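Heads up, the chain below is alone and in the form predicted on its own; it's given as structure tokens.
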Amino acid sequence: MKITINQIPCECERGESILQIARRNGIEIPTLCWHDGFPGQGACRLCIVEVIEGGRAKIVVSCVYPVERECEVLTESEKVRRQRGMILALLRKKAPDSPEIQALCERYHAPEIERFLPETGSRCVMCGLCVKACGELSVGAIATVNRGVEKEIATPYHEPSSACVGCGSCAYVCPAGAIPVQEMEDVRIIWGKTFSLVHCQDCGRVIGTAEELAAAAKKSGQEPDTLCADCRKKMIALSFRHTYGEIHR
């Protein structure tokens, strides 16, 4: 099946999201809550596009809108840019301290909305990526708490979580720089908790926190890692060459 995005013909499968099709064809659609590892959040609404089917146009959220028939898609129409600017104006009130949000606001000429007060000191846009990453890749140490305007991402009772292993997955996927991480030579501080860092025994590169590696070892049933991924590959390659050489002597 074919659709056109910004007048560019694009091959696609029925049921694929517009965002997936656009990215595969090198067409940019701005996102905040999208991550390749956790698709289909649909939380930030920044990836809206205009879809024209049967002569009728509508605004849809591209990351969760499945293509069912041939259509025309516009990612930067006047209507899209205006509504995207309004979405960003509201996100700026939610996360006024985020340079990423500020840059997007400037790009889309987001209007000032005087009747809403900004949440001073906040960078979080409540996209939910950090919670999803912690739940699926780590130990589920953070969650969405409270409701309405009090809604936020936090550890239980805002105390250092006994479950957190300091892996930093939450901070890595955050699109707005809302989760502070301090990393020094031997320690990492995140969510108010200090973790000892483990270094690769060959090259000295940081491979994770002691708690993170212990949790991964427990899950896999193996000993905790002592080598980084690159050094482990080199060790396997050397072992293979040695074994292969012994066989062919």
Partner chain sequence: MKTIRICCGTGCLANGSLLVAEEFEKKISQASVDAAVECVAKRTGCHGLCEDGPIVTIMPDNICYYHVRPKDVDEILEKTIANDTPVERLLYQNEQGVKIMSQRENPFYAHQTKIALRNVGTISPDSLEDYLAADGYKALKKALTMSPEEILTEMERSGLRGRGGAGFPTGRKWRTAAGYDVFPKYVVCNGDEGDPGAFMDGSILEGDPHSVLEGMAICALAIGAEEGFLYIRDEYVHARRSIKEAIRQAEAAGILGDNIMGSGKKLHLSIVRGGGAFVCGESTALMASIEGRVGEPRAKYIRSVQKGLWDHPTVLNNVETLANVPYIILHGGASYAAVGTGGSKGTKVFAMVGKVKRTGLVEVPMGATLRELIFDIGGGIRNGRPFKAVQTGGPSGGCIPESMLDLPVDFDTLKKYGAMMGSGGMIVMDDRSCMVEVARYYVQFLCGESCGKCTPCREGLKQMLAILTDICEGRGRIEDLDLLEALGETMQEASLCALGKSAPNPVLTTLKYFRGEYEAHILEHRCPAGVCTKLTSFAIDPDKCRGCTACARACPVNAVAGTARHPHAIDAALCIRCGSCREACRFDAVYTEGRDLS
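All figures in this text were calculated on a predicted structure; none of them were measured in a lab. Residue numbers count along the first chain shown, from 1.
Just so it is clear, the following notes concern the form predicted in complex with its partner chain, a form of the same protein that is not shown.
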Thr75 near its partner chain in the model of the complex, any heavy atom under 4.5 Å? no
At the 4.5 Å heavy atom threshold, is Arg107 in contact with its partner chain in the model of the complex? no
Is there any non-hydrogen atom of Gly121 lying within 4.5 Å of its partner chain in the model of the complex? no
May I ask you to check whether Ala171 falls inside a 4.5 Å heavy atom distance of its partner chain in the model of the complex? no
Give a yes or no on whether every one of His35, His158 and Gly177 sits within 4.5 angstroms of its partner chain in the model of the complex by heavy atom. no
Of Ala154, Ile113, Ala103, Leu137, the only residue with a heavy atom within 4.5 Å of its partner chain in the model of the complex is Ile113
Can you pick out, from Leu213, Ile27, Ile59, Cys200, the residue that has a heavy atom within 4.5 Å of its partner chain in the model of the complex? Ile59
The stretch from 216-224, 41-49, 185-193, 202-210 that lies within 4.5 Å of its partner chain in the model of the complex, judged by heavy atoms, is 41-49
Of the residues spanning 86-100, the ones with some heavy atom within 4.5 Å of its partner chain in the model of the complex are Met86, Ile87, Leu90, Leu91, Lys93, Lys94
